[in-house]
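Below you'll find only one chain, the form predicted alone, shown as structure tokens.
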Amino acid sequence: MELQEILDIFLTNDNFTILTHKSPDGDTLGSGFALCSFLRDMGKHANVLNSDQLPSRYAFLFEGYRPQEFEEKYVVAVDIADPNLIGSNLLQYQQQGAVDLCIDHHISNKNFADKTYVDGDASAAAMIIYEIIKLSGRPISDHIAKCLYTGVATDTGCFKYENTTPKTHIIAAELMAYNIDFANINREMFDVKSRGRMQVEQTVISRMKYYFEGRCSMIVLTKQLMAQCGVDQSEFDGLASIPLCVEGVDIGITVKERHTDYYKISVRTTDKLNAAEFCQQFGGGGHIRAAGCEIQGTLEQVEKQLLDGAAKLFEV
């Protein structure tokens, strides 16, 4: 698809439902609420849906948002590479033909929507939404700029990940020209942590395990640990980067318990390994340096599967 084709869809349709992925991050929420505001500014009806409770740390993205009542006619997914990521509370949208358009930047996109636009070179889905809005020639409000900047900043790790490009900085600079208090956004997204979150970090770092002569590291986040530290799922954003911070590690694996015998896996790699290919072994995917998957089984079984998969990378 071309961006003009997407813009034409927005111009000629109405009553939009915008889907964001479960365990929402700054990019899916920033993209979703920016697109919603853009459509509403055009006089369209639009709502944003998410399977989970929206994390309070992103409240500034949906402050003042109120759902509209209308008969849904067009469904758009943003930053969703796999229908399973839509979440268990929105199962009706995981069915074939339920999603009309998917706008994404993951090269592992499963092409589950009727129409799909994927730009694997985009650092964040928010960059694609920005280009669509710019193409329309309509003004960008401060709120839309704030949403889009948050999406770009969070998906690039405050512009330090390898997916950051010159174009990323250009778009970020243009968004910084709006009244968005970007310094405070970065502080809230990357620097401010609750005491519970700090306790979690201390615990997982002290229990981190190393394999394959120190080239692989793994941390485990259990529901018991969450309960002990008094934190919820939303406070675990960013922990996946911890295992890769250790010198000599080429693949960092974060195992997070979601339900009994059901674990979400986040993988980060250096330029020596491909995170997406690793996760594809388990039905997941993502980016070359950052990817994820979900595995069922006991913690011991999950750890063994992950280490067996890592062994293939190191030819052990």
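Only the largest set of C-alpha atoms that superpose within 1.5 Å between the two forms is called the rigid core. Predicted, not measured: the structure shown is a model, and the values here were computed from it. So that there is no doubt, residue numbering starts at 1 and follows the sequence shown.
There is another form of the same protein, the form predicted together with another copy of the chain; it is not shown, and what comes next is about it.
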Contact assignment for another copy of the chain in the model of the complex, among I107, L91, M198, L135, heavy atom within 4.5 Å: M198
From N111, Q202, Q96, Q224: within 4.5 Å of another copy of the chain in the model of the complex by heavy atoms is Q202
Options 81-89, 153-161, 98-106, 68-76; stretch whose heavy atom lies within 4.5 Å of another copy of the chain in the model of the complex: 153-161
Quick check on V249: any heavy atom within 4.5 Å of another copy of the chain in the model of the complex? yes
Is it the case that T116, even though its partner is missing from this view, gets within 4.5 Å of another copy of the chain in the model of the complex, heavy atoms only? no
Using a 4.5 angstroms cut-off on non-hydrogen atoms, would D271 count as touching another copy of the chain in the model of the complex? yes
Can you check whether G120 is within 4.5 Å of another copy of the chain in the model of the complex, heavy atom basis? no
Honest question, do T165, N186 and K193 all end up within 4.5 Å of another copy of the chain in the model of the complex by heavy atom distance? yes
So which residues in 92-120, when you check another copy of the chain in the model of the complex, have a heavy atom no farther than 4.5 Å from it? none
Could you tell me whether the Cα atom of T168 shifts by at least 2 Å between this form and the one not shown after core superposition? no
Core-aligned C-alpha movement of V48 between this form and the one not shown, 2 Å or more: no
